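Below you'll find only one chain, the form predicted on its own, shown as structure tokens.
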């Protein structure tokens, strides 16, 4: 049975993805910062009959990532699909951004993905698998007050292409899901200030459906990037 590892699984797109994948018959390895939220989600999914394992890992703390993942995978469970979904945002003048905030955002949106892949992908090589990195249309555009986020997502898109190129010989595919604005708790965080009409945004469930579509592609083909935008366009 197929197994998916999902980061940022306790809320927003990650939570919706966990629910949809479990309903579709996938076993799950769930990663998020909040242990209580993961426990609650695991309990919620218990009636699906799928095997649900989880581990609280703070992806902003580099030294905890690999040990935490190896502990999660210690039961000889290896994902066939790795979904790097966790991410953060910061709004404000680019050159007034505190260095500490810049380093935090790059750690969460880019470096932690590198760390997760460095730990998990080598374990996937025996049977092959797929890495899906959740990106944003900000990777291709410049948005005022969103400079650090745009830069991190542009780098993530490039990282994904390089990963796909290097790992193809090992039976590992890698792709991005590029999303327009999604109505998630990210908009409620302290580091984001915006007054967008969230009712016109994509839902977490729509993003989750796109992730399931990518995950269920046969190993003989690769959708390098799937772009999903609200019909109202960019915000």
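Everything numeric in this text was worked out from a predicted model, so none of it was measured. Positions refer to the first chain, counted from 1.
Only in words, not in the display: the form predicted in complex with a small molecule, which the text now covers.
If you check the small molecule in the model of the complex, you find no heavy atom from any of 79, 129 and 176 within 4.5 Å. In terms of contact with the small molecule in the model of the complex, the residue from 41, 182, 29, 69 that brings a heavy atom within 4.5 Å is 182. The listed set 164, 108, 123, 155 contains one residue whose heavy atoms approach the small molecule in the model of the complex to within 4.5 Å, identified as 108. Though the partner is left out of this view, residue 19 does not reach within 4.5 Å of the small molecule in the model of the complex, counting heavy atoms only. Residue contact with the small molecule in the model of the complex: residue 117 places no heavy atom within 4.5 Å of it. Of the heavy atoms in residue 52, none are within 4.5 Å of the small molecule in the model of the complex. Of the heavy atoms in residue 172, none are within 4.5 Å of the small molecule in the model of the complex.
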